[in-house]
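Starting off, we have a lone chain in the form predicted alone, written out as structure tokens.
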């Protein structure tokens, strides 16, 4: 049976079983990936996943269940499991079944041309990535990663209150990593590209950028410990924003897991900082017209010129705060409960190019990668201490690569100390935590541990 028929059948059987408000959340995805190693296919994967999450109220409690097949057997399983779950659940949280927004925005995030690219073309692109990287410089010793991938996902949500919405999006990704060697020195450079316009995927450009970075890091050394003016390149800055994005969650605030509690309307960052959550971005990796509870999506400035203007809310946290949901309810999969996450979440870019940022930095460090974010960063306190590498800058010029350093500081102080914001906004690869992006950022001072 199709999705609508399945939904009708679940609601029919649920009513007969005494269930009250009910909701189905169906996700369907197709994935493809291929990895080339030494001209041969090293890994090839094609998958298709479908499943339905079910929520239902029974005697004042809400029960949950899920199934991976949309058939009659699953109908009975969902209804009986959700009912049994509701009878034993002890949560006092009030779950809201949303009847739907008055209107929904038009969002474009699906490209028919990308979906029609053949597996053979994707395989050939990965082979070209490897070949281009090997030919880019005589010091390339090995291309340890050359891959392309594709994902297509569809979300459907409906409930007995009248809500019924669906949306489909797709995206492609390519990644290349090259190992370069000069004598005893070995470094790795990598680059990825994500998007849904296949015509913009450029194997030569991607491979050359990866190799250039690896070569630029050869013969790196540490620097003396101390306080440094630092430029976080767009990718390192993006990783920091993503790691600490949970502090903007209304749930984290309500549970005492964010130092931003009670700071709405207050200045928490440099006046140069505007942090945007934009689910309506054309062809964005996390663009969608409605959230995981069916609330219409909207663009909002979480930080506006340094001032905290909103937390990210779902229906439950919004009700606790007496505000409207911001449309940031999320579900990691059909099996997961409703949580909160950003969508296309980024620091608004400035007008300064990367080259001019180096001149603005004058003397300091460029950090291009931070390591150990899962263990070395504490989203609750904002403190971080991370392995890093990058470049030493003197007089506005890169003079040499730097490694074997640790960068330490506090996220909340860091965003207060942002002095210049670049124009080079770049997003990462979207996931459950949203599609996070940042331009390069010059920070007044961070602690560097070296020699």
Partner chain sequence: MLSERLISDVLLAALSTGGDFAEIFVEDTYNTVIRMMNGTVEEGVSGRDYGVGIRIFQGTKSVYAYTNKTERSNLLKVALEAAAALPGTKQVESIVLNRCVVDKFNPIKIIPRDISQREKVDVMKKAHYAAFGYDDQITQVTVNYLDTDQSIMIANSEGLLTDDRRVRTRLAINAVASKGSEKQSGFYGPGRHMGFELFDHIDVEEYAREAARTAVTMVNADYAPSGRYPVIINNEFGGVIFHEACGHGLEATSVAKGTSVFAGKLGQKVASELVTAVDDGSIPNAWGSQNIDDEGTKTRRNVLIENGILKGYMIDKLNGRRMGMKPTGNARRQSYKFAPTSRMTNTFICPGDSTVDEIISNTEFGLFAKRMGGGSVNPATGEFNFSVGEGYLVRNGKIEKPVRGATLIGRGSDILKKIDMVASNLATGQGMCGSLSGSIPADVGQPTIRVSEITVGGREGNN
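Positions refer to the first chain, counted from 1. The term rigid core refers to the most C-alpha atoms you can superpose between the two forms while keeping them within 1.5 Å. Keep in mind the model is a prediction, meaning the values are calculated, not measured.
Not on display, but discussed next: the form predicted in complex with the partner chain.
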{"property": "Triple contact flag 88, 225 and 378 to the partner chain in the model of the complex, non-hydrogen atom at 4.5 angstroms", "result": "yes"}
{"property": "Proximity to the partner chain in the model of the complex (heavy atom, within 4.5 Å), stretch among 347-355, 294-302, 101-109, 138-146", "result": "138-146"}
{"property": "Partner-contacting position among 26, 418, 392, 386 - heavy atom within 4.5 Å of the partner chain in the model of the complex", "result": "386"}
{"property": "Contact residue in the model of the complex, from 191, 122, 132, 187 (heavy atom within 4.5 Å of the partner chain)", "result": "187"}
{"property": "Touches the partner chain in the model of the complex: residue 200 (any heavy atom, 4.5 Å)", "result": "no"}
{"property": "4.5 angstroms heavy atom contact with the partner chain in the model of the complex for residue 212", "result": "no"}
{"property": "Partner proximity in the model of the complex: residue 166 to the partner chain, non-hydrogen atom cutoff 4.5 Å", "result": "no"}
{"property": "Any non-hydrogen atom of residue 4 within 4.5 angstroms of the partner chain in the model of the complex", "result": "no"}
{"property": "Contacts with the partner chain in the model of the complex, stretch 383-408 (heavy atom within 4.5 Å)", "result": "383, 385, 386, 387, 403, 404, 405, 406, 408"}
{"property": "Rigid-core frame, C-alpha of residue 122, shift of 2 angstroms or more between this form and the one not shown", "result": "no"}
{"property": "Core fit, then residue 391 C-alpha moves 2 Å or more between this form and the one not shown", "result": "no"}
{"property": "Residue 83 C-alpha relocation of at least 2 Å between this form and the one not shown, rigid core basis", "result": "yes"}
